[in-house]
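Given next are two forms of a protein chain, the same chain in both, each as structure tokens and marked structure 1 or structure 2.
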Structure 1
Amino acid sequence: MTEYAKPIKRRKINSDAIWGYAFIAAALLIFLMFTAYPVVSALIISFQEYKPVGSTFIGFDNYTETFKDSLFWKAIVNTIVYTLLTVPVSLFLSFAVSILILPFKKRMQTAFKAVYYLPAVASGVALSVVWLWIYDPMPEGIFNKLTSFFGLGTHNWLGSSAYAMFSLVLMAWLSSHGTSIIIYLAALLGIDGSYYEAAELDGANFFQKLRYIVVPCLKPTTLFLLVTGVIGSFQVFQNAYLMTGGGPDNATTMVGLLIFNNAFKYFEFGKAAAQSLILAAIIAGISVIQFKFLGKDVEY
């Protein structure tokens, strides 16, 4: 917490306070209208059978229905599988790349950072259009050419339930680590050189330094990326929506897509609201667990 300018006269505090409220007025109004109100509204809608005119209160029905819905559980499992496959791998790749970039001069570091960050600049829709064609099920498709070159045969990557999830995961592996690399590199450059010096005097080699200095020093960064990565992954919607539409046979229906479909395909707003609140509870729970188990000796 910072210190504040000490008021000279009592009258000054009051006028400052008025300025304070004036400065936050616009932001607060927008926040209340487009964040706070919708959250409260979602809670109310989740207990209703929503209709544009005359919604009826139906208690916990939306929730009990959701818990009995096998598709909801399938979507949860899909989301967990997707998260477990993408987030740790992406973290490891980002960590490895940032370690590898480290010995080079600043210009080279920046060049690599720019290249790795480039996909994050392109829109998700543009990238998904491209990936749709990379995964073209025809034998002439780029990815099928590659896999048949390695003797893996050709497959209907997005259209078969056996491969659709893998295809989405592979796409995430190759396009979602630019941000993490930059954050890791910033943290790496922030490690005090004297740690390495001390370790070298003790005769530590590269891997020992990595194990006993870098990994512990980067723990807060890893935790940050892990928590934000998991939160992001649980809300994933766009790729599944644009690439597979959740299919085939709901193999790639994630919770985010399920909620979207319930709301804007079937117009079951009450059910969608209930599911979104369950999602919020799951995300909150996972975040708390992550902080508890991994954050013990993290200092902020």
Structure 2
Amino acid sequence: MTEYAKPIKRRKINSDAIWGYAFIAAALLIFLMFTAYPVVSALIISFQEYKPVGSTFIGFDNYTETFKDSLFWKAIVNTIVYTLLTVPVSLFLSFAVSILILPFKKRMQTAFKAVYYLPAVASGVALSVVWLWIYDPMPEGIFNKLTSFFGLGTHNWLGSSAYAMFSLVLMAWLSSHGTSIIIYLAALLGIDGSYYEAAELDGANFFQKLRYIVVPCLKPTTLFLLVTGVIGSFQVFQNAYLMTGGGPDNATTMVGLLIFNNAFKYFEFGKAAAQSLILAAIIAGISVIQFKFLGKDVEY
């Protein structure tokens, strides 16, 4: 060491930093165990004819077989139709309810938020049982009584390929939108009141304020709910599994249900893993397109 060399200062790690690293390490460990490891395992299994002992490497055969499978494409179409029919309506209903709640005082807003969020707390299985009761195919069924009252006759709503998809879509429309309503309402409360005051001075009516203030200010929220809604809709499984089992004639077979059946009903784990990764790629592609065309002027 020369005469002018400066001594090396060692940074001390205090107890706060140690606790911080410990919490980060715990979260990282959970991520590696329950997210990264299953994804890597699915990637490996998708190239195998999977068996509990002695799996065989078969290259891209699972992917080739999936792309040639007409049922896979039917499930993709069913999932796209379900998404197109449910996500925009869900967004509109959540937005409309939030606008209606906004003028109330805070205590009343909280009461409405609790009411609308209540179905999200309930078990999905319990809700499906209620809807199975509503869609009872007998003339005494609640929905059949309602349609008969309007002269539309009675139908086997879940047992007919003509009505099964509509029944699942209607269930999604009338089910919980509580999370979206709460997010929309929080965003509405965050809009600066001076915008409304300036608009009122200019003589703007309710719809003009809605168009030129509310909708642009809520664009980041709408994009977030749209992307997460599409992702959730492409992964839908519970409703189709519990309400129709994918039938009749695979009219309500969604991709998630098809993957489940291949894995745990037919024990074709390799094919199910390949379909899972294809579904992930489709969702990622759609998300990128949404951000590219709708998120140009959106900042988070």
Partner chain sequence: MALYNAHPGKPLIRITRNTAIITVLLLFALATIFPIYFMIISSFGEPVAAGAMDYRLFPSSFSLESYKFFFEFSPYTWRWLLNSLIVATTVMVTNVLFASMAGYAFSKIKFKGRVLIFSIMLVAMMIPYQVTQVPLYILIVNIFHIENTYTALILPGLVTVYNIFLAKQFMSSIPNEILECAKIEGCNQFQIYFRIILPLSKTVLAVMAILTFMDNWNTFFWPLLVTNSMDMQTIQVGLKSFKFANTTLFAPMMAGATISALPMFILFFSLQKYFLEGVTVGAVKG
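Remember, it's a predicted structure, so these values are computed and weren't measured experimentally. Along the sequence of structure 1, residues get numbers from 1 upward. Rigid core (definition): largest C-alpha set, two forms, superposition within 1.5 Å.
In this comparison the chain labelled structure 2 is the form predicted alone, and the other chain is not.
Fitting the two forms on the rigid core leaves the C-alpha of residue 20 displaced by at least 2 angstroms between structure 1 and structure 2. The rigid-core alignment places the CA of residue 43 less than 2 Å apart between structure 1 and structure 2. Superposition on the rigid core between structure 1 and structure 2 places the CA atom of residue 31 2 Å or more away from its counterpart.
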